[in-house]
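Starting off, we have a lone chain in the form predicted on its own, written out as structure tokens.
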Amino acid sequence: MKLIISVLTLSLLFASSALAHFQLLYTPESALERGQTIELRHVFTHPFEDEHTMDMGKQHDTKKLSAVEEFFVVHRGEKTDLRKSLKQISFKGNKNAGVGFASQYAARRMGDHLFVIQPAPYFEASEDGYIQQITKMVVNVAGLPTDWNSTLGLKAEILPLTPPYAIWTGSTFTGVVMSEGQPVPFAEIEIEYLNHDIDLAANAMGPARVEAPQDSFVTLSLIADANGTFTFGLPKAGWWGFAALGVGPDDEFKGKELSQDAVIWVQVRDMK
């Protein structure tokens, strides 16, 4: 009961600050026919409306940005640290530019390449608190499933029960919200569609693809069940982000409130 109350309290506290804030871990294609070197971008943004691009690692007590805490990939159960591959960039949204990162990765071997980035907590001045989104994304090579549903024991994690790179438009994605390897009951989850093409050469967001009929359609939401499990129907091709709010064990950073969230990105494809 204490965990449930903590989750709901943090979710409400950060409703306005975490609303539409998503740590993006982007690559153009998650299902590769053959091995290749891929481009990745790491940006803290608003994927549907692109109303503001945040500086990753922004702190309240210094003008310096804190470094990414973890960035790694898991392939066939083997974990590889990728932090040295990160190159700081200025990423240009349609309203402003923010500090993010670019990286490359040699996805050569068949199977799943499960990426995780844990940025330093970001200070949201409007709420006088921090947000940290521990984010997952999977790239598959040649259709061989290996690691996509691995439980990593992260402080905040969404365990996919659906391969996140093999989803047809109109089907569903199912996941389990977890904290340190244990399901989180009744977790609050926000969902957004990446409503813009990303120009990798320019490190910039393109124009919006669709327009929401009303604000409640920008950031969709649902509540996981008593076992931390949720299912969501995916109506359009492209990248979709799922963020479980305040589910991590850390609720304070530098003396201020912290919402430690779990994020996963899934890619949806049209049948042709």
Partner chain sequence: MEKLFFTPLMIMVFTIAAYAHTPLMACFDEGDGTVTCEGGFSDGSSASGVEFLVKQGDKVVLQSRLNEFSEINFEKPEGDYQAVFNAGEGHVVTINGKDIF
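Positions refer to the first chain, counted from 1. None of the values given here were measured: they were computed from a predicted structure.
The same protein also has a form predicted together with the partner chain, omitted here; what follows describes it.
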Note to self: Is it the case that residue 106, even though its partner is missing from this view, gets within 4.5 Å of the partner chain in the predicted complex, heavy atoms only?
What the structure shows: no
Next item on the list: Please check if residue 202 has a heavy atom lying within 4.5 Å of any heavy atom of the partner chain in the predicted complex.
Entry: no
Note to self: in the predicted complex, is there a heavy atom of the partner chain that lies within 4.5 Å of any heavy atom of residue 34, even though the partner is absent here?
What the structure shows: yes
Checklist line | Contact flag, residue 142 vs the partner chain in the predicted complex, heavy atom cut 4.5 Å | finding: yes
Check: Among 115-123, 189-197, 169-177, 143-151, which stretch has residues whose heavy atoms lie within 4.5 Å of the partner chain in the predicted complex?
Finding: 143-151
Next item on the list: Note which of 99, 161, 110, 102 lies within 4.5 Å of the partner chain in the predicted complex, where distance is taken over heavy atoms; exactly one does.
Entry: 110
Note to self: So the partner chain isn't shown here. In the predicted complex, which residue out of 76, 155, 95, 83 has a non-hydrogen atom within 4.5 Å of it?
What the structure shows: 76
